[in-house]
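Shown below, as structure tokens, is a lone chain in the form predicted on its own; questions about how it binds or moves come after it.
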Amino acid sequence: MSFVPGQPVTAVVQRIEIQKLRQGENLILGFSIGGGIDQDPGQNPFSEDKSDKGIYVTRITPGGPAEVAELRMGDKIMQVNGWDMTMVTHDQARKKLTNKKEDVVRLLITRRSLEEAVKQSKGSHPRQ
């Protein structure tokens, strides 16, 4: 999925809620991110056209909170707790995700399989 910065985005999204795991003073999410408007999109293995500067899930910790919540590698994060993540730096995204005041992270994500499922369902039911 690609888009023009500053223009509205149409995307098929899924809600995912992750309960952070407390380890001492730290709250663990169990995933890593890549991307951001300050990063080189050509280095993003999940960007279809190598121009997408979105925030993507690049690693999932086996058995961690993100895996339990069914977050997947390659998911594009569109929102974090209601905050738009389509035009943020990598550091801004990291700070929103790791906010120590929040035990739960509510994400809106999109993934290629969601978009493909919608395209297939539209193609298999002709309009009347």
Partner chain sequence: DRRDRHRLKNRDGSIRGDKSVMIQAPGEPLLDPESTVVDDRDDNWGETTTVVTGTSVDSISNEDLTRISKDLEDSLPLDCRRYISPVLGAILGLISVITPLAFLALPQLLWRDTLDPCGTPSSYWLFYGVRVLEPQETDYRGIVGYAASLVDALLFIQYLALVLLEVRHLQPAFCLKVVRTADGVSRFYNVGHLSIQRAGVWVLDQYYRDFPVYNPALINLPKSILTKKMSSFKVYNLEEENTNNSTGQSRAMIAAAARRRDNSHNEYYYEEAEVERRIRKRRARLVVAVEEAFTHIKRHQDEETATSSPKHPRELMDPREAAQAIFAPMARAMQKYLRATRQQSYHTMESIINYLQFCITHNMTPKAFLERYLSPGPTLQYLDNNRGCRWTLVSEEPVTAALRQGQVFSLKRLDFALVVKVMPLPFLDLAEEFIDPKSHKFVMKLQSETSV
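Residue numbers count along the first chain shown, from 1. All of these numbers come straight from a predicted model, not from anything done at the bench.
This protein has a second form, the form predicted together with its partner chain, left out of what is shown; the following refers to that one.
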query = For residue 39, is any heavy atom within 4.5 Å of its partner chain in the predicted bound form, or not?
reply = yes
request  = State yes or no: in the predicted bound form, is some non-hydrogen atom of residue 54 no more than 4.5 angstroms from a non-hydrogen atom of its partner chain?
outcome  = no
request  = Report yes if any heavy atom of residue 59 sits within 4.5 Å of a heavy atom of its partner chain in the predicted bound form; otherwise report no.
outcome  = yes
Close approach of residue 97 to its partner chain in the predicted bound form, 4.5 Å, heavy atom = yes
Heavy atom within 4.5 Å of its partner chain in the predicted bound form - qualifying residues of 23-62 = 28, 29, 30, 31, 32, 33, 34, 35, 38, 39, 40, 43, 58, 59
